[in-house]
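Encoded as structure tokens, the following chain is the form predicted on its own, with no partner shown.
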């Protein structure tokens, strides 16, 4: 029975766009895009490499792809790999000095937090090309459907594009989890000096997982741009997005492959509920701007204290505990 579950889920995901109304389909696409980003963050987050700067990599993925298309006519099929390479280079430039000089823990998180803000400020300062804080819109090709421009008027086609990207993210997560790199990084997260003494290349191992995480995050940012056809420094990057990524992964489950996806489902649905609720209150003259952020912050604290393994991690632990009781 357990073996058939993945096939059932796969079948449902394939037929979903053909039987789902447009708005729920839009939510499904957004969930898959953010699931990819959250999965990318968890690749390094699960090993104690807490980054608060992944909004920067999302911005790089989105803006590099869109700028190359608008100003040079370079197809996103080329622009997205270029953006991913740019994100990898940025991750290397920031992470290498940190790892080389053993800037870890809270200090590494603060460095990445600064990176997120710096990238956002550069985008705003380059307003002549990026549109600054007003945002940026990629040029539409023809009637809005162009394989060359990776633009599709119908949501169904784009659904399968992001579904493929999401599956790629899960496959990479799984490969890392089953590789020797996972054991090396587990050891490093426990004790760097002992790991180095055992022959593990500490800086190299941490750099690889950080750059891989940045590359997948940039892919998510580029797909977000191509789907929404609008990006802005606050919409796609900055500290707010970086914190949102951390929150969603912690809620879903940091140490399980599907945890980030569960986190995406929970947080996206919460966002929609809060948005509709706050909008309805505004029509009645009650302004509660920022309430959603405050609730996210409170929930993050509660999850860290009471559900440190997230919703899925806690569920798996409880089921495993139940099985052990049954066998005993």
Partner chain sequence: MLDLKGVNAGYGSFQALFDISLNVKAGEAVAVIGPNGAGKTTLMRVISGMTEPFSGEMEMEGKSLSSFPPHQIVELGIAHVPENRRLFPGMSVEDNLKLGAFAKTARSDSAKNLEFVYELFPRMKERRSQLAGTMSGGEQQMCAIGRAIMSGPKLLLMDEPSAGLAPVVVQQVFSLVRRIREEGYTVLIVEQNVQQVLQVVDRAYLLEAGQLIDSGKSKDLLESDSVRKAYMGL
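Remember, predicted model here, so these are calculated numbers, not experimental data. Numbering follows the first chain given and starts at 1.
Not on display, but discussed next: the form predicted together with the partner chain.
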| property | result |
| --- | --- |
| Contact at 180, 193 and 198 by the partner chain in the model of the complex, all three, heavy atom at most 4.5 Å | yes |
| Proximity to the partner chain in the model of the complex, single hit among 75, 187, 146, 86 (heavy atom within 4.5 Å) | 187 |
| Contact stretch among 113-121, 246-254, 228-236, 198-206 - heavy atom within 4.5 Å of the partner chain in the model of the complex | 198-206 |
